[in-house]
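This document opens with one chain alone, in structure tokens, the form predicted alone.
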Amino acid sequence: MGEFLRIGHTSQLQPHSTSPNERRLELQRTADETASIIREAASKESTILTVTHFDADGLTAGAIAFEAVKRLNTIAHLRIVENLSEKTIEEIGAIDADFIMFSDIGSGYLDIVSKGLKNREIVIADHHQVLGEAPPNLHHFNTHLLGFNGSEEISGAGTAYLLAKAIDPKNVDLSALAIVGCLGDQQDKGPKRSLIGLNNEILEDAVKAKLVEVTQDLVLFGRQTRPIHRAIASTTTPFLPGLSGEEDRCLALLDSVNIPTKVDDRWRTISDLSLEEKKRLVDKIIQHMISLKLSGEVALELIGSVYTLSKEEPSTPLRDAREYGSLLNACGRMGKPGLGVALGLGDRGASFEEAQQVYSEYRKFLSKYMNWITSDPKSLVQKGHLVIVRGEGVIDENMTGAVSSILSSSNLFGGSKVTLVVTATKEGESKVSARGTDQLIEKGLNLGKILQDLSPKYGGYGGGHAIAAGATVERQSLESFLTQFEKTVESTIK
């Protein structure tokens, strides 16, 4: 969800008095203006560098932006980053490019971007909360700033798509990739895991172009491609303790409700199940969760909208938009973001094969972390509305966001907890990833604002969305930071 993005006085949405129609018109006007600037740069045969974030949303945003620019017949380059430090900006500045476009990152770094790239023309297409003022050489297309909630109404990939469509209406063929991005960013926040706001508008483009089909089904990884027991074991959103990562236990669960796993010698998939079998399966998973003294309601999250990419080959993970997003997220988190962009740009050969192997490793890591957390009482500390996972020496620094998202969305601790995952970085700092819940956001919690304010006091930087954010702090200051973070959270939501 794009961590390390900071919030400042320009981060507020447009006033509530602005009507939805007025906001949508302003969004289109800004997209059109920004698109004309990009087209003009391309007409001068400028070299255009796209800089994008390394998670699933960032990789799809980068692929969309890069492809839209490439179609303008100019020289296009792509750089993938985890965050924008002064060192990273210096490296970007050393690249021979006349024009720089940031996708899914940049709005929280206006100060260092403007300072480090003074002599370049810059476009930022982002959906995160904003810090600072844009200088004259920076053209800012920010959907959040224009009044659209960047954590559930529009993703970074969606923002890049709206800009690409403004560049040329023919870029509607990139709409399916924007749907992959928003699902990779876990923005299926509507009823039955549907899309809302601008995401739904983009979905309408993709459906009309016959690129995406929407149906209601069990939302399990490998719904059309994996044996049923492996599909259940592969599911991490929501995480199912005792089943996620445990194929043998999933086989036993299926056997207990008389669901055959094979027809002749062929493994059955979720898509082969009858409605009655699906009902028995969900009921059994609910019983399983209750037996662990956990909420059975989390199993109901397995029922919802599924998004099939019509142009992708059947029986491949890229056919299902959520699976596609999971592959991309794995590529980014496992240090192979270039693979993810290659998939987004259409590579279905060696990159696809390697991405599947990377996802397999990624899933093993997540299952290991989650089973450690749920089985080892010493792995976490609960204080009031805060659950802290101490992952130092166990959880890789690139995986904290994924772990905190899974923990929070799985509702293991209820809807009134902030989940904070802590680990150590290679540079010797402490990294934290925080996730809230809709219930706490309604009470005024803004994790991005809290981390943006607190982390500089402890030698670091951070911020993000209200519901999802991250930061780094000096390791020697970590305990003091955690104490103050807890106090701030408690005072905010009482």
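Just count from 1 along the sequence shown to find any residue number. All values reported here derive from a predicted model rather than from experimental measurement.
Missing here is the form predicted in complex with a small molecule; even so, the following discussion is about that form.
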Checklist outcome for this item: the small molecule in the model of the complex has a heavy atom of only one listed residue within 4.5 Å, and of 48, 68, 467, 450 that residue is 467
Checklist outcome for this item: in the model of the complex, the residue from 151, 175, 142, 410 with a non-hydrogen atom within 4.5 Å of the small molecule is 151
Checklist entry - Are any of the heavy atoms in residue 62 no more than 4.5 Å from a heavy atom of the small molecule in the model of the complex? => result no
Next on the checklist: When the contact criterion is heavy atoms within 4.5 Å, does residue 52 count as touching the small molecule in the model of the complex?
Outcome noted: no
Next on the checklist: Although the partner isn't part of this model, could you tell me whether residue 324 comes within 4.5 Å of the small molecule in the model of the complex, counting any heavy atom of the residue?
Outcome noted: no
Next on the checklist: Just checking whether residue 109 would be counted as a contact of the small molecule in the model of the complex - the rule being heavy atoms within 4.5 angstroms.
Outcome noted: yes
Checklist entry - Which among 126-134, 309-317, 379-387, 289-297 is in contact with the small molecule in the model of the complex, heavy atoms within 4.5 angstroms? => result 126-134
